[in-house]
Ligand SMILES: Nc1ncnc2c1ncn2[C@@H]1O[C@H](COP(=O)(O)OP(=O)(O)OP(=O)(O)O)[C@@H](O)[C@H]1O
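Just one chain is shown here, as structure tokens, and it is the form predicted on its own.
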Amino acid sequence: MAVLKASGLGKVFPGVVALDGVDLELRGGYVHALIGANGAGKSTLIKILTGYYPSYEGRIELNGQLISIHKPSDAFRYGIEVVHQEVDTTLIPYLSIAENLLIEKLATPAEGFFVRKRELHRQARQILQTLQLDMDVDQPVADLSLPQKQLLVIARAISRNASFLILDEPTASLGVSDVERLFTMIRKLKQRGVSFLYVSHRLTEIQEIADDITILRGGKKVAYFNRETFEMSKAIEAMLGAQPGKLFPTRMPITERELVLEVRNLGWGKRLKNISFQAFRGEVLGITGLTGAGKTELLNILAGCEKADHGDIILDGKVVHFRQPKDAIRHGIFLIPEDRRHRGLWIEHSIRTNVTLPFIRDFSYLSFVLPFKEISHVLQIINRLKLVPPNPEMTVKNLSGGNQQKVVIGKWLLQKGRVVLFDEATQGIDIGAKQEVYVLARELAHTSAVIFSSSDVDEVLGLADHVLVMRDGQIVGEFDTQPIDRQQVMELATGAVRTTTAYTTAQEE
């Protein structure tokens, strides 16, 4: 089986050592996990292996022979491919599954300018059947779910005879069942000798799927484990460079509990069915369930991004109606969305612009924006959130994922919010940044009702005071006593149990 070995890899940018003498070995039929905090050097290492950088330090060997990788075509030639977290950027949405799977045959057809569609579909079906993927090859890629798109990109790489497959945060947007489906495919491909470099912030997944684990910090390799020697606490310590503190902030006794938000019989087509609950200032309300359970749709309606077909949203005792997000913002309902890059940030603009944009009138006079007022406000947020770098004019796209998420949260931080909605707020960020998000959510609960929605059950159980479980657009379980039984929550989320007795009784009343 093929072995790819990198020795002393290094990359220096003006004033920054991004990667410093890193060694890595990918063995055929094994999963090698690469972990580290945002900015640790993972992306730089991936870009070297895939030919993104024409120059770098160190050497790369394939089966003991020195090879040169200075452009993407070099990586393809040696069987190295990457599946990026944002798979939409590598697919053409309005072409079919077959056309995306065999895109090279469209670009360079064997018979002149003509493509034999029937033959293309036959080859595509054969590839999908080999990987045991049940997809209609004539279906447009735009109609696929995110998990299906990820599996399609992996199938395309395998069809090109990729020997080394780099998966960059492959489960960041997947639910429990989709993760298991991905892991099943990985295990099958391992048996065929395919090697994986698996990049993820989810240490529980690393523990399950990885054979080898390399940890980077500050551009350097600081630890290596194999499956037998891996310990979660030691891995976290290596990533952070310090003893890990408690992941979730301590729950303080609730001395003052004020009803802020009430939802009654909210419904939206087939996506949400008779949703009712209450949210209080002084506590964190957690909502969990599999991807597609209806959590994001619910929060989007509360934030004015969508309009329900029926039901009431009651804020501070009064029924409110939102036609668009600015109506919800005016009432003090703020959303940290699931897709921060496209819905939470103006990615090409500065921290200053992103933080002040929703409340730009507060920083203006006679229709002119006053930069000195903006800067003063933004510096308060930067200092409170410990943004790196602490520069209001830094373009957001150049920040790490964790610091981007801080900007999304930061724009609401000094406003008088009544309800703060967190939707998959720790997706794609490292464990240190996750801890900071949990602390912020707990702090905001002192002044606002906080609703924290996540498909990560452990995250919700660790943070929330009160937990709702959703499945198929409905609330199927409700828990308000600690500790909450994780297995019971999972059974409800997956449908192994239809609903909790307590919630059934509450519905009947």
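Sequential numbering from 1, following the sequence displayed. C-alpha atoms forming the largest set that superposes within 1.5 Å between two forms make up the rigid core. These figures come from a predicted structure and were not determined experimentally.
The same protein also exists as the form predicted in complex with this ligand; that form is not shown, yet it is the one meant from here on.
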item: G401 within 4.5 Å of this ligand in the predicted complex, heavy atoms; value: yes
item: Contact flag, Q85 vs this ligand in the predicted complex, heavy atom cut 4.5 Å; value: yes
item: 4.5 Å heavy atom contact, S448 to this ligand in the predicted complex; value: no
item: G473 within 4.5 Å of this ligand in the predicted complex, heavy atoms; value: no
item: Residue (of E169, D212, E338, D178) lying close to this ligand in the predicted complex, criterion heavy atoms within 4.5 Å; value: E169
item: Listed residue (A238, M394, A75, I329) with a non-hydrogen atom within 4.5 angstroms of this ligand in the predicted complex; value: M394
item: Complete contact of R271, K295 and V457 with this ligand in the predicted complex (any heavy atom, 4.5 Å); value: no
item: Option from 59 to 67, 479 to 487, 40 to 48, 465 to 473 whose residues, in the predicted complex, bring a heavy atom within 4.5 Å of this ligand; value: 40 to 48
item: Interface residues of 195 to 213 toward this ligand, as seen in the predicted complex [heavy atoms, 4.5 Å]; value: H201
item: Rigid core superposed: P390 CA moves 2 Å or more between the shown form and the other one; value: yes
item: Rigid core superposed: I351 CA moves 2 Å or more between the shown form and the other one; value: yes
item: Core fit, then M490 C-alpha moves 2 Å or more between the shown form and the other one; value: no
item: Pair K386/G36, Cα separation in the predicted complex versus the displayed form, closer or farther by 3 angstroms or more; value: closer
item: Comparison of CA distance in the predicted complex with shown form for I35, K386, at least 3 Å; value: closer
